[in-house]
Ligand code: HEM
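Here you get one chain, nothing else, as structure tokens; it is the form predicted alone.
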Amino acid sequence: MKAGYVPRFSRAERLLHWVNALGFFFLLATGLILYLPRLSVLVSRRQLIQSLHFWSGVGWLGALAVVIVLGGRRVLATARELDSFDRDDLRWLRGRKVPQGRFNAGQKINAVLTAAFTILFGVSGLLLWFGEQDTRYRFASTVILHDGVMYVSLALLVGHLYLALIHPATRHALRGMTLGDVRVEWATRHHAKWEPEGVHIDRPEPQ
């Protein structure tokens, strides 16, 4: 381990993140071609794009499931961390400066929404596909759901990219998702309650 750094994300966690991200971006690109008339006319091969969009969605969900299974205990432990809210998390959401664990309250909410939207994308996408083959599966609300989840996901994506790439206080977190570790000083300042496994951090005594 590099001096002055602590491990933050395991290989399984990073793989899960990037499989999800790459799959989402590809689905977003093909989905926008189908959704925006100008792009649809420009590309012209709508049926091919539609097939690519559907089968890449199936592959996306399948790849996520494989990573989760292979990640085993590490991924389950992460899920438990993300699912646990305490008083400090609630106070953080109210704008208070309180210590946070490995994940702050905002990251926990983002992870829960991402998981929920993945399921909604999968279910609504399947219904839309089957609706093209059989009118019994064709529901107007399915299109509304699929499009609505896309709009909310886009808003979350913009916020996520801003914090990861632009905001000075948080962009160092991207190192954790690429190389797996972060600076000790950064971890102490932003995640004071986090105790990295097998690593001791000398924290300043409270004044």
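Residue positions are given as counts along the sequence shown, with the first one as 1. Predicted model, so just to flag it, every value in this text is computed and none were measured.
Missing here is the form predicted together with protoporphyrin IX containing FE (HEM); even so, the following discussion is about that form.
For a residue to qualify, one of its non-hydrogen atoms must sit within 4.5 Å of protoporphyrin IX containing FE (HEM) in the model of the complex; all three of Phe25, Asn110 and Leu165 qualify. You can rule out all but one of 49-57, 65-73, 173-181, 35-43: in the model of the complex, only 173-181 has residues with a heavy atom within 4.5 Å of protoporphyrin IX containing FE (HEM). Comment: protoporphyrin IX containing FE (HEM) is not present in this chain, but in the model of the complex one of Val143, Leu157, Ala29, Leu61 has a heavy atom within 4.5 Å of it, namely Leu157. Mapping the unseen interface onto this chain, Asn20 counts among the residues with a heavy atom inside 4.5 Å of protoporphyrin IX containing FE (HEM) in the model of the complex. Interface residue remark: Leu161 is counted as part of the site for protoporphyrin IX containing FE (HEM) in the model of the complex, having a heavy atom within 4.5 Å.
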